[in-house]
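Take a look at this one chain, the form predicted alone, written out in structure tokens.
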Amino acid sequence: MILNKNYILTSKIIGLIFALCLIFFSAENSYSIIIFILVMLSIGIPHGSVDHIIAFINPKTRIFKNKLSFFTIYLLLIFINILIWILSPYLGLFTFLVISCYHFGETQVIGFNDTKNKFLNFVVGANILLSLFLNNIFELQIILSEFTLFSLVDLSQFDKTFFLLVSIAILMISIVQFKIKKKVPLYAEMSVLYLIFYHTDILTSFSLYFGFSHSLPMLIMEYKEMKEKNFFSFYLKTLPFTILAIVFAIILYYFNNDLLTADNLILFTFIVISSLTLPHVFIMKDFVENK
């Protein structure tokens, strides 16, 4: 059953208007860190801060016996992810990309198609991340300086327009064979996202996508599912675990390891996000089932 709610479209339009304002006033580069922090604290982290409630809402998808088993598995997955990054940054990055491709795609198709086709979910998410990276590839090479196999590749002969066209071409080629109930609107939204990625730096691009195309629709969907009296009372329930996530990031910030330091703040941030994403994906997989 396709979920076709006005709030999904509304949240994405808000993100689009915000993005156009940033591009029009050329403000994205000057305020990218501030935008990222505000979006992550107000929308990004909170949308995963009710996982402990969402996991027990639908008895048909309940995979935890009790809250103790939930928190044990949840924290264990976070620890495993950090350990992977420490032992092998390449494996950590690969794990993050694979999981993110599926998770982002699964939530992106809501409103355009059901979420039953797991391969479609992965392909859509992979297209989004690929476009994000391609349209900011020179900046990405600096961020991933630790990954010499990629950072030392000479791409100076290409310009950003080339990578924009490549990302759109890959989108068309990779999804054209799928049976999608609302294919044209899905193409249209993703093409708009690609243009935003093209015009903004990587931190702003990720903030706009993650905040308004991914997190906000999910946050409102969680609010609807939990049937709270009002959005404010629901939002208050996200605060404890939002604060815990911030504390977790601060502790990791001071962890004495060459990779887990603030020398490369953006890479460090994505390590934190990947650690929180791993357990969150499994909760949301059941939550968005058949939506």
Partner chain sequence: MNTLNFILGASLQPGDFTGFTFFIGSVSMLAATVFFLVQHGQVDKKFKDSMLVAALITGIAAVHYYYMRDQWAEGLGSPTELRYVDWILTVPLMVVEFALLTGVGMSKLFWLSVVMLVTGYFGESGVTGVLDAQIWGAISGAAYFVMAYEVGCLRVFSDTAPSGAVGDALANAKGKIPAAGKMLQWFVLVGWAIYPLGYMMGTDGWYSGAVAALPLDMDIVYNIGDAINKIGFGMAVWTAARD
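Residue numbers count along the first chain shown, from 1. Please read all numbers here as calculations on a predicted model, not as lab measurements.
We do not show the form predicted in complex with the partner chain, though everything after this point is about it.
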(message) 68, 78 and 235 - do all three of these have some heavy atom no more than 4.5 Å from the partner chain in the model of the complex?
(response) no
(message) By the heavy atom within 4.5 Å rule, which residue out of 191, 95, 113, 141 makes contact with the partner chain in the model of the complex?
(response) 191
(message) Between 153, 83, 176, 91, only one gets a heavy atom within 4.5 angstroms of the partner chain in the model of the complex; which residue is that?
(response) 176
(request) With heavy atoms only and a cut-off of 4.5 Å, decide whether residue 102 touches the partner chain in the model of the complex. (result) no
(request) Would you check, heavy atoms only and a 4.5 Å threshold, whether residue 148 touches the partner chain in the model of the complex? (result) no
(message) So, residue 169 and the partner chain: in the model of the complex, are they within 4.5 Å at any heavy atom pair?
(response) yes
(message) Just checking whether residue 119 would be counted as a contact of the partner chain in the model of the complex - the rule being heavy atoms within 4.5 angstroms.
(response) no
(request) Choose one stretch from 177-185, 120-128, 208-216, 102-110: the one whose residues place a heavy atom within 4.5 angstroms of the partner chain in the model of the complex. (result) 177-185
